[in-house]
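Only one chain is given next, in structure tokens, and it is the form predicted alone.
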Amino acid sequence: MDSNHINNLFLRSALTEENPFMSITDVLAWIEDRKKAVFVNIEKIKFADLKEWKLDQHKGNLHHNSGRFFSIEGIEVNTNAGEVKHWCQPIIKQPEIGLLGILTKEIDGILYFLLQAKIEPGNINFVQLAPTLQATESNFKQVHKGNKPEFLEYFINPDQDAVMLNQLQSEQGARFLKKRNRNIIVYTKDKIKERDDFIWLTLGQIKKLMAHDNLVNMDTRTVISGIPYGRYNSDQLALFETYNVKNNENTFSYDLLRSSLDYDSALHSYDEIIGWFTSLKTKYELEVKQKSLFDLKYWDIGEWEISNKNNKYFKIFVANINIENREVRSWQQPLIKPVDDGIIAFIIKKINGIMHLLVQAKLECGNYDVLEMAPSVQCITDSYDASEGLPFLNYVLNASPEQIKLDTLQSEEGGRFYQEQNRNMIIQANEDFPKEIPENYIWMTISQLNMFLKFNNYLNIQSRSLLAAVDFLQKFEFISGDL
């Protein structure tokens, strides 16, 4: 499929909220029905009661008896970045590359995305909108001896002409050790049989649903964050603005759209951004060594959980899990439970007439290549007391209602994390926002961030979560044929 056609299909879908098959109100009611239809039980157990997993003092980790899925390992970290130069912690080690796939279909010129109502053991509200396929390699190779995930055949060896997006993206660098997933979107002309747990939505609807707390799961957000909308010249953008903005009381949505489509008006060139990022990567060092869980300084292993001695960061516990509509209905596994919620925020500002986002180069211990591009602010709430050391946190927390363009709670991935959520915010800077920024920050347009999403290990999952929520549909109307 031609890339221009793909971009146009994505853009039209992003600018379409009307769905003759399912309205936003219908979606919310459908999700409630799916919650009631499936039995879920999560029971915390002692490490001594594990049958499928082992807390192994000899190996110094918590692992599955098969040697597959994932393990909880200990690491010792040394770096020359930030206030803390040395620490120890548990981390998830999962060398497999997971598969996050969304199936799409064109109906009457509009692209629809097939999402599923998926229940994960750690999900807040249990049911969230997930990709068509969300599976680890161990899952789709049936190490668990369960059924194959539905729609797997569309994503394992897809026809290259049907692939609309194909990226390798990282997971949380503070919790996973060099973990990545394949994010893929595949186009089909097949007639898809209706299933109780699956639903067709436009991209505009998915973005609207992200205004609701903990409804669209992290895996859906990371896949759609990489969607390109194409590149448009100034004449095309002027036409678009003329038809769509003059009668629009709120032009903020157009500002976001232009930032996503305009590649020519950015403050910094692509080469300047690469130079900035490369210089920082050569400046900062990251050394990660394996260490036994039983030897981690400031961490305790009890009968029921692994926890920090100061009750900070997160805890690890194990559970018996029963979920009726899964490939395997009953199993055991570890889950990571945060001590506090987090906050992630992009500060945005018009520069040279185009909206820019304040991007941070952030070091995390599980990163593949030392640094990744992160939101302006990314922290957990127990860091608030040290807010003087966190650039722009006070600015975000003290933003006026007029500055707050997005403010929702979004969950982390419920297959590994238990009821973990971050406050997702987009804050528009006032004129008095400081011109001087720390060396590990830079202003970038949305189109520039989308360009870096084409490559591995540039944008972290928190920045992708926020980009996915960028909504172009505030009183917006797509004029057919103008672009």
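Owing to the predicted nature of the structure, the values given are computational and were not obtained by experimental measurement. Position 1 is the first residue in the sequence shown; the rest follow in order.
One more form of this protein, predicted together with another copy of the chain, exists but is not displayed; see below.
- Only one of Asp159, Glu153, Glu272, Glu402 lies close to another copy of the chain in the predicted complex, with a heavy atom inside 4.5 Å, and it is Glu272.
- Between the options Glu324, Asp196, Glu285, Glu303, the residue in contact with another copy of the chain in the predicted complex by a heavy atom within 4.5 angstroms is Glu285.
- Three-residue candidate spot Met1, Leu168 and Ser279; every residue lies within 4.5 angstroms of another copy of the chain in the predicted complex by at least one non-hydrogen atom.
- Only one of 209-217, 105-113, 71-79, 263-271 lies within 4.5 Å of another copy of the chain in the predicted complex by heavy atoms, and it is 263-271.
- In the predicted complex, Phe452 approaches another copy of the chain with a heavy atom inside 4.5 Å.
- Another copy of the chain is not drawn, but in the predicted complex it has a heavy atom within 4.5 Å of Ile97.
- Contact annotation: Tyr368 falls within 4.5 Å of another copy of the chain in the predicted complex, judged by heavy atom distances.
- In the predicted complex, Asn456 approaches another copy of the chain with a heavy atom inside 4.5 Å.
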